[in-house]
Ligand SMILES: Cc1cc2nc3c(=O)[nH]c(=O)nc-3n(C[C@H](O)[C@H](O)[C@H](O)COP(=O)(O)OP(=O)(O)OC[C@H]3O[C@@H](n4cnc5c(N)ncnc54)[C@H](O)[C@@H]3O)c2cc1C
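Just one chain is shown here, as structure tokens, and it is the form predicted on its own.
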């Protein structure tokens, strides 16, 4: 019997680990490589939502007209560092184009095709990794201070319902029955019935990583800089430490850091990062039963093992600028307007790099240049949610198996 083919997966976050597990299921020998520890980048401190109902893109009809107001508001949902604008401008133009209504309708259908399988793909992994107690499938609740505010989301709500998302309108009494510690003044809500959450994103990805190791997977600390070619095909990765890692196939799962290596493999891609901030504080007597989304404030609150996490918003500043933790402080103050009992004492702040494509769709793709190169990155706000399904779809591509959905919308050369 011949030895199994070896796949190098570059990136050991939630997407890379899921790709590794799915490749193992297809019979490949898999090595994960990352310049840092597994699960320590964007997968470490995110909001923890399994947001299977979030099939609408970030750029929506009306987004453009709201941008000036958001940028003028120091506590608004969007910040752009002017020094980064020249680099960001091509991405922004594509982002605006993706917000045309006909494009939004199409993108939503294409995102829903992935999200509808999220639980089916995660359930066996959660069972095998013995993570049942770390995951809750108990929905999320969006809360509004006025009926007018909810009506302002009518298109967003209808769009998702037309794409199979289960949403239930809630009265004021139903909102406070679910979350008694909410601030006064909320008048209605929407229950996102199929949404889930994890108690700790880092422990969740590490549980899956341990399953990967238990099934024979390997990990190597490596900062990949380039590739060595043989007969016109990449066959090994060059580690900045000097040692090469050979492979039969290579998969790029470096999140927001994927753009450079994709270019080294012949594929230029408009990937950038939406930097996200959050603050996690002890419960201190506050009861939060479910994930709560406040569209009025552009924040989400998650009950976690270590406390309540308050996050949201977007900063456009690239990968190199220092964090601006005043963003996290501003978000937390908004969180206190939703749950007045929250206190900063003992809290921790975090910033992560969401890997974002201008059309909100991930890249899950074979290379158009090399028959042994594959890409899985650009999941934006949905890396945790789409991780297992991305792994299955990508492993089918490597194995040459028919895909369960049309993969054309996620190709790397779609722009």
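Positions refer to the first chain, counted from 1. Given the structure is predicted, the values throughout are model-derived calculations rather than measurements.
One more form of this protein, predicted in complex with the ligand, exists but is not displayed; see below.
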Would residue 350 sit within 4.5 Å of the ligand in the model of the complex, counting heavy atoms only? yes
Look up in the model of the complex whether residue 380 has a non-hydrogen atom within 4.5 angstroms of the ligand, and give yes or no. yes
Verify the contact flag for residue 186: yes if a non-hydrogen atom of it lies within 4.5 Å of a non-hydrogen atom of the ligand in the model of the complex, no if not. no
Does any part of residue 254 reach within 4.5 Å of the ligand in the model of the complex? Heavy atoms only, please. yes
Answer yes or no: in the model of the complex, does the ligand come within 4.5 Å of a heavy atom in every one of 123, 139 and 392? no
So which of 224, 159, 135, 211 reaches within 4.5 angstroms of the ligand in the model of the complex, heavy atom to heavy atom? 224
Can you pick the stretch from 84-92, 105-113, 272-280, 316-324 whose heavy atoms fall within 4.5 Å of the ligand in the model of the complex? 272-280
Counting only non-hydrogen atoms and a 4.5 Å cut-off, give the residues of 11-32 close to the ligand in the model of the complex. 11, 12, 13, 14, 15, 16
